[in-house]
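Before any questions on binding or motion, here is one chain by itself as C-alpha cells, the form predicted on its own.
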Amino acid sequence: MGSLFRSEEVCLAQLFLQSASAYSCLNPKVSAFQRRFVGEVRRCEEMEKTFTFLQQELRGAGRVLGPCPESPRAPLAREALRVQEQSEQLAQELREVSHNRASLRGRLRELRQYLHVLREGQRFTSWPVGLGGGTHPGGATLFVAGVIHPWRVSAFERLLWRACRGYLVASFVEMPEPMEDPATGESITWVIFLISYWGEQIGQKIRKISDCFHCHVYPYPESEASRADTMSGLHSQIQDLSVVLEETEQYLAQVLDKVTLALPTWRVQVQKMKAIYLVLNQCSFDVTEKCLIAEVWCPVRDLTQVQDALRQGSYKSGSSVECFVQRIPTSESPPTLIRTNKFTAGFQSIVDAYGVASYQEVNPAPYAIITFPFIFAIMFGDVGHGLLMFLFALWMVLRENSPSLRQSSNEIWLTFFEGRYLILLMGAFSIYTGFIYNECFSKATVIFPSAWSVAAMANHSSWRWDSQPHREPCLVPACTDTPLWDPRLATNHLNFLNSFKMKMSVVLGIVHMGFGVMLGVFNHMHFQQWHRLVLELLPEMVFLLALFGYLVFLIFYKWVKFSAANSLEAPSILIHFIDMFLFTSNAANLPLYQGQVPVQTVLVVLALASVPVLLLGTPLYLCCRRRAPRTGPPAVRLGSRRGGALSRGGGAQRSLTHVDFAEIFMHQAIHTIEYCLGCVSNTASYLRLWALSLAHAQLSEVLWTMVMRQGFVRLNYVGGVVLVPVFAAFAVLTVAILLVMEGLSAFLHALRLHWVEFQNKFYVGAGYKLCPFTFAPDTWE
C-alpha cells in the first residue's frame, strides 16, 4: 500500500541557495538577475492592482473572463517586465478610451435632449398673433428651456410659482424617447419644460431654481428661423458624433479582446512569481549575505529530485556556486505526508476529519475503503435504493472532468462530488446487502426457490397451524430465505429478521474492534515498542476475546446446533452471558454444551486477570528500565495513545530520565478504564446496525404500503391514469426520505463507528500535515 498504509518518511533539510540563482532554483528557465525580494513582491502587487482594474472593465462591458487554458511557468525577468509594460499600456488605453466614450455619450445625450427641447418648444411658441402671440405690455417675452428629472417636476413647479408670484407661464411635457441618467446609469424618460417670463429679475430667479434642481438648461432662440437653423445644425452634429462613437466602441472592443486573451495567463504567471518571492523572503542570509539558507521538511524519496532541481537552477542561472541540499538531525516530530489520488482522497478526508495521523503511525484509510461502505450498507441494505445511489455516483465519476461540475459554487454539491467514489462503493455494497436481506424497495425477490416446505402443515385441502414447517436441503445460496407463504410473517416479517440482524451486528462489531486492536501490532513493531506487545496488546486481546469473542462463539454454536425442528428447545444466549458474569447457572435455561459453566468461569477469570496487567505492566516496566544500569545511549521510543508519553503522537526518542512516571501511570489508568468500559459500550454501540437496518426496511415498507399500493387499487384504464401521479409521489418521497435523509443518517452512524469504536483502538491522530510549496489553483477571483 506504500505511503497510504503509513505516512512517508520526512526529514529536516537545509537548502543553500546562491542569491543570484535563488529564483532560478524554483524556476530553472529564468536568467541570472540580482533581485530585492521585497521590491519584487511589491511589484507583483502593483501588477495585481492593474489586473483588478482590467477585470472590472471586462465586467463593466458584460464579458466573463475564462480560466487559464494551460498552466504557464513563472515569468522570466524580461518577461515580467514585458507583462508589466503591456498590462499598464492596456490599462492606460482602456482609461483613455473609456473616458472618451463617456464624453462622447454625454455630448450625444445633451445634443439629443437639446433637439427634443427645440422640437417641443416649437409647438408651444408657434402661436398665431391673434391667439396670444406677440409682445407683453411690460416688455419682450423671454424663455428658459431645458429638461428635468421626472421625480422633481412637481416640487420644481410649485417653487417656481411661489418664487415668481405667477409672473411666468410654464409648460411640461415628457420626452418622446428615454435616455440614460448620467448619475445612476438607468434609462429614464426626462421631462421637457419651457418657461416664458417677463423681466430680467424673474429670469434670474428661474435660472437659480433650475440650477438647484439640477436641470439641464439649453439656450432657446427667440425667432423661428434661428430655431430651425439650430435644429439643422444639431442633426448634423448628432450624425457626426454617432459615427465617432461607433468607431470608439469598436476600438474599445478590440482592446477588451486583447485583455480577455492575455489576462488569464498574466494572472497565473504573476501569482507564481509572487509565491516564489514570498518563500524566498522567508529564507535567511549567511554572514556574507551572498547565500540564502532555508530549513524545510522534505520527503526522503524526493531529496534526489530536489537536488537535481537545485543543480539545474544553478547551471541555468550561470552561478559559480552550486546550490545544494543536506539533511540535518532534529528531535522535532516531522509532519505527516500521505499521498492520495482521486479515489483514496475521499476516504483519507474522513480519517483526517477525526485527526491527522501521527508521524508514521498506521493509517486507517486503506481499511476504511472497505469497512466504511460495508458498515453503511448494513444499515442501508436495499437493492433498489443502492442501485439508485450507485447510478448517481457512476454518473459523477463518468463526468468528473466536466468543468461545470468541478467549478460549481454550490458547497453541498461540491461535497457530494468530492465523495463520488465513496458514494459509488456505498451504493455497490448496499446492492450486495440488499440481496442478502432479500429486499428491493421493501419487496422480497424470488430469485431462488424457497427451502421451506409446508407439507407438514397441509392435510388434504385444509391447513393445520399446529404443525411446524420444515426446511429441505438449502437451495438459497445468496439471500435470506423468508417464508413469504406464511400470512403471519407476510404481514410483518420484522420478527423473522429481528434476531438475525441483532446477532449479525454484534458479530461484525466485535470483529471490527478486534481488527482495530490487532492493527496496533504494526505501530508497536514500527516504533520498536516490544514491551507494549506483551503488556498492552496481549491483555487487550485476552479481555476482548474472553468475554465478547466467547459471545460470538455462542452465537455461531447456537446457529449450527439448533435447526427449525428443535428451535423451540434452543436456550437464550443473553441469559447464558449474564450467568457467565454471575458465576452461576440457570436450570430453566439449558446449557449449550457440556462443561459450559467451568469454561465460562475460566474465561471471566482470564479477563479479570488481564486488567491489572494492562494497568500496571507498562509503568512498572518503564520504572525497571529506568533503574537498570545502561551501557549505551537510550534509544527507546515511547508511545502512548493517550498523548502524554508520545511526543506529537509519533515515535520521538526521549530519555527515560526525563519521563514523568506519575503522568504515565495516570494515562495508563485512564486507558485501562476507557478500554474495559469501552468494550462493553462499543459492543452495544454496534447494535445501531441492527436498529437502523430494521428502521430503513420498515420505513421503506410503509412508503410502499401508504403510497405505491394506492395506485394498484383499480386495475383498469382509470387506475393507469391514477398510477402516474402516485408513482411520481413515490419516487419523490423515496429520493427525499429514503435516499437523502436515511442515507445521511446511515453515513453519520458509520462515521461514528469508525471514529469512536474502531480508530480509538490503535489510532492517535495527533499529527499535523505537511504543507509543501506548490502553486495553488487560481484563487484570484
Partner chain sequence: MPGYSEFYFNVDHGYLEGLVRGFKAGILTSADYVNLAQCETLEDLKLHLQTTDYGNFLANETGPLTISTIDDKLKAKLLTEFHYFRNHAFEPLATFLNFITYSYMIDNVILLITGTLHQRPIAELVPKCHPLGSFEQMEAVSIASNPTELFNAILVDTPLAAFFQDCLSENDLDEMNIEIMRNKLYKSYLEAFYKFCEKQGGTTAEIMRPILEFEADRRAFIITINSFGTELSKDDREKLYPTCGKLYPEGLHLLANADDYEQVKCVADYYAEYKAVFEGVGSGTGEKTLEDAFFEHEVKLNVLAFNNQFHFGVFYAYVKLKEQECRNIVWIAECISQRHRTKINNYIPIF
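Predicted model only: the values in this text are computed from it and were never measured. Numbering follows the first chain given and starts at 1. The term rigid core refers to the most C-alpha atoms you can superpose between the two forms while keeping them within 1.5 Å.
Unshown form predicted in complex with the partner chain; subsequent notes refer to it.
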Given that the partner chain is left out here, which of V97, L159, V707, A294 has a heavy atom within 4.5 Å of it in the predicted bound form? L159
Considering H531, H667, R152, R112, which brings a non-hydrogen atom within 4.5 Å of the partner chain in the predicted bound form? R152
Select, from the options 294-302, 405-413, 692-700, 212-220, the stretch whose residues sit within 4.5 angstroms of the partner chain in the predicted bound form by heavy atom distance. 212-220
Quick check on K49: any heavy atom within 4.5 Å of the partner chain in the predicted bound form? yes
A163 near the partner chain in the predicted bound form, any heavy atom under 4.5 Å? yes
Exercise: K205 in contact with the partner chain in the predicted bound form, heavy atom 4.5 Å: yes
Would R42 show up as a contact with the partner chain in the predicted bound form if we use heavy atoms at 4.5 Å? yes
Classify I209 as shifted (yes) or not shifted (no) between the shown form and the other one, where shifted means its C-alpha moves by 2 Å or more with the rigid core superposed. yes
Rigid core fitted, is the C-alpha displacement of K49 between the shown form and the other one 2 Å or more? yes
E332 C-alpha shift between the shown form and the other one of 2 Å or more, rigid core reference: no
